[in-house]
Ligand code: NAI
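The chain below stands alone, shown as structure tokens; this is the form predicted alone.
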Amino acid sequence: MLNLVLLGGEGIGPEVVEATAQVLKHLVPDVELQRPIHGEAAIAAHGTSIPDATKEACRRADAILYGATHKHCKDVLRFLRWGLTTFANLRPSKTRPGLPSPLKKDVPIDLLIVRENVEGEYPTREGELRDFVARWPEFTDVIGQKIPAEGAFALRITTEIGCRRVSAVAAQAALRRRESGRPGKVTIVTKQNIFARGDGMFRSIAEEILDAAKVPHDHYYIDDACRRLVAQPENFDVILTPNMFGDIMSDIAAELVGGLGMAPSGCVGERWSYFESVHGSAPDIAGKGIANPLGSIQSLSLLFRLTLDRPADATLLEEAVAATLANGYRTADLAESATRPVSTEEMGNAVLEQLERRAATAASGPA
């Protein structure tokens, strides 16, 4: 039996996760769903936002669905990323006809960003410059300048194992996409001209892994890559990049195809994985029933493909979402001024209706 943990988080997170749970139960009727205590309720009851019992439930689960973080669930998110070492963040962006886009041209977009998820500038490693200088007074920058004694610093981490494991995920993703008719090409994005050692290591290891997998690849610096992503998004297939660059590029890519409300993501590691929509907690609309659940619902497609090896269910769900949008269903973040926005529940029910129609058609067989 499939065992999934649902962590709604806070803000609109619980609403979109529950809408997603209904879709999941339709596709996998015998799924066991657990909703362990976390967040504000757990702080009140246990003094921590993620008690040990909740952590253990996550470790035993086949996968985790997560909602959103505002102020009470920061340690929940930290556990999911660093506690479970979910080192690769996968964020697809695909054109959905009829959705708003800032692009002036109508081009087909179908790309996947593979972002290193646990290194780089994350989690925060900051301090006071006076402490840095006191401990390393002889340190100078690349042009020989001494470090100033007043101000703040941030540390950026790049390791060989981190580069290797995320590059392997990108290579596997490219090969899977090639099987479905995509180019199967990886674009490595760094700022090697500035961060010669860290980003130089990232690029050289990525090229080694991709060459061994016989995956074609090219490389752009992050500023040039962002320019190209806006100007010619149709030219990208898989993008492989360090943590902060991926954070920025994936939000740009999401905006090109309908906005953050539509953006799914999956965070995977060697043993554990969790899946979430990319939007924030949106506390201003929490509890109003108007949040867009499609980012969370589409995260199920990644769950089916990356963790459960159920590609047929992933395809079925993607088709149902596309049909729902083609029928004009829009939540407030997507609706034109003349359109009555549907609620979170209505959008989820519309996807369920499309799934039921496809199940009925499959059951009736060919005419």
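Given the structure is predicted, the values throughout are model-derived calculations rather than measurements. Note that residue numbering begins at 1 and tracks the sequence as displayed.
The next section is about a form of this same protein that is not shown, the form predicted together with the ligand.
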Quiz prompt | Single option in 226, 168, 103, 260 placed near the ligand in the predicted bound form, where near means a heavy atom within 4.5 Å | solution = 260
Self-check item: Listed residue (273, 281, 95, 187) with a non-hydrogen atom within 4.5 angstroms of the ligand in the predicted bound form
Solution: 281
Quiz item: Counting only non-hydrogen atoms and a 4.5 angstroms cut-off, does residue 70 reach the ligand in the predicted bound form?
Solution: yes
Practice problem: Give a yes or no for residue 217: in the predicted bound form, does one of its heavy atoms lie within 4.5 Å of a heavy atom belonging to the ligand? | Solution: no
Quiz item: Should residue 240 be classed as touching the ligand in the predicted bound form when contacts are defined as heavy atoms within 4.5 Å?
Solution: no
Quiz item: Any of the heavy atoms of residue 175 lying within 4.5 Å of the ligand in the predicted bound form?
Solution: no
Quiz prompt | Proximity to the ligand in the predicted bound form (heavy atom, within 4.5 Å), stretch among 103 to 111, 283 to 291, 119 to 127, 197 to 205 | solution = 283 to 291
Quiz item: Would you say all of 12, 66 and 81 touch the ligand in the predicted bound form, counting a heavy atom within 4.5 Å as a touch?
Solution: yes
